[in-house]
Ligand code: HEC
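We begin with a single chain expressed as C-alpha cells, specifically the form predicted on its own.
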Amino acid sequence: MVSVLVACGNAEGSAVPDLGPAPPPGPVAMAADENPRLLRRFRPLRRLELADGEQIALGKMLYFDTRLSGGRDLSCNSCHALDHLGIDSRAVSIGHNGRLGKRNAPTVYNTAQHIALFWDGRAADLEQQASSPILDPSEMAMLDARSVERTLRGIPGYVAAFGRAYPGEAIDLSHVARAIAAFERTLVTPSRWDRYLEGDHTALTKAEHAGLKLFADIGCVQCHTGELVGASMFQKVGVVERWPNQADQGRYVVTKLDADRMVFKVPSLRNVALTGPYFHDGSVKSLRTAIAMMAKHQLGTELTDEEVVSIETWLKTLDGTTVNVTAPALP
C-alpha cells in the first residue's frame, strides 16, 4: 500500500504539519488548456482552526483506548485504523461480541469538512458522531454515558489529562466526544491534486489530466465536487438505473420521508483508490468496478474499459502523502 500523509498531533504534543496559507477566494489557477468552468468546482484542502494541543493529545489517547468499549477490546482505531488510511478494509466492521455492522466503515481522514457524518447524515458534526459508536450496543457497547465517565474517572492519568484539556470541567461524555473530534480535525491528507489546484501544473501527468476531463465530461462532477471531491450533499443511489441492493434505504431510516429512500451522503473521493471496499454496504472491492457502476446507475453511461482506467488514473492523484500514525502511550 502507498504510504499516505496523516497530519496529526500525538500525546507528546507534536505540531500538525503546516499546509501553507489558505487559498484566496475565487477561481484557482489553471493550465492554459484547462476549461475554466471545471476547476471552479474544486478547492484545495484548507487549514482548519484546531483546538488546544492538550485537547488534541487527549483525543488521540481516547481514539486508541479499548477501555471505552464494553468488552475492553475495541477502540475507534479498530474500525478506523489510522495506519491503514482510517479503514478496516472489511465490507462491514466487527463490533461487540463479534456482531457485524450494517454499513461500511468509511475513512476518518478529512471528515471535519463533511456536510454531515455517517452514510445517512444522522450526525451533524464530529462531536455528535464521536460518541455514537461508543454507546452503540452493536459497536463499542458501553451502553450509557455513566459507564464511560466512571471508567475514565477511575484512571488517574485521564483525570490529569482531562484537567489539562478542560480545566475546571467535569469528565463527561461530551468532553470525550469533543476531545476525539479535536484530534480527528488534525487528520488531513493533502495530495498532488492540491498542488495542481494551487497552480503547480506539473503535478498531474497528461494521462491524469485526461482522466479528470473525462470525469467532468460524463457528469461525475455533479456530485463529486468541492474541496473533498464529494461529501457536500446527499444523493439517491440508482438515479438512472435501480441500485442492485435495496435492503438499506439510507436516509429514509432517519427521516421516514419517502423522498429519502435510497439517499446517502455522497462520499469524498480523497484517498478513494486506497480505501475500498466501496459503497454503503462495502459490496464492491474493485475501484474500477465501482467507477463503472456509478456511471451506469447514476448517469446512464456505459464506460469502456479504457475510460474506466482513465478515470481511475486521475482519482489516484487524490491519494494523500504523509507520516505514519502510531498509538500513543495510554494512562
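Numbers follow the displayed sequence, beginning with 1. The model shown is predicted, which means the values in this text are computed figures rather than measured ones.
The following text describes the form predicted in complex with heme C (HEC), which does not appear among the structures shown.
A.B. asks: Looking at 195-203, 86-94, 149-157, 164-172, which stretch has residues with any non-hydrogen atom within 4.5 Å of heme C (HEC) in the model of the complex?
C.D. replies: Of the options, only 86-94 has residues within 4.5 Å of the partner.
A.B. asks: Which of L82, A182, V188, C76 has a heavy atom within 4.5 Å of heme C (HEC) in the model of the complex?
C.D. replies: Only one option qualifies, and that one is C76.
A.B. asks: Contact with heme C (HEC) in the model of the complex for L257, defined as at least one heavy atom pair within 4.5 Å: yes or no?
C.D. replies: Contact check for L257: no, nothing within 4.5 Å of heme C (HEC) in the model of the complex.
A.B. asks: Look up in the model of the complex whether H224 has a non-hydrogen atom within 4.5 angstroms of heme C (HEC), and give yes or no.
C.D. replies: H224: yes, in contact with heme C (HEC) in the model of the complex.
A.B. asks: Flag Q55 as yes or no: does it have a non-hydrogen atom within 4.5 angstroms of any non-hydrogen atom of heme C (HEC) in the model of the complex?
C.D. replies: Looking in the model of the complex, residue contacts with heme C (HEC) do not include Q55, since no heavy atom lies within 4.5 Å.
A.B. asks: Examine W243 and determine whether its closest non-hydrogen atom to heme C (HEC) in the model of the complex is within 4.5 angstroms.
C.D. replies: Output for W243 is yes: heavy atoms within 4.5 Å of heme C (HEC).
A.B. asks: Tell me whether F42, K285 and V309, taken together, all sit within 4.5 Å of heme C (HEC) in the model of the complex, counting heavy atoms only.
C.D. replies: Verified in the model of the complex; spot residues all out of contact, no.
A.B. asks: Considering only 139-167, what residues come within 4.5 Å of heme C (HEC) in the model of the complex, judged by heavy atoms?
C.D. replies: Sequence-ordered list: E139, M140.
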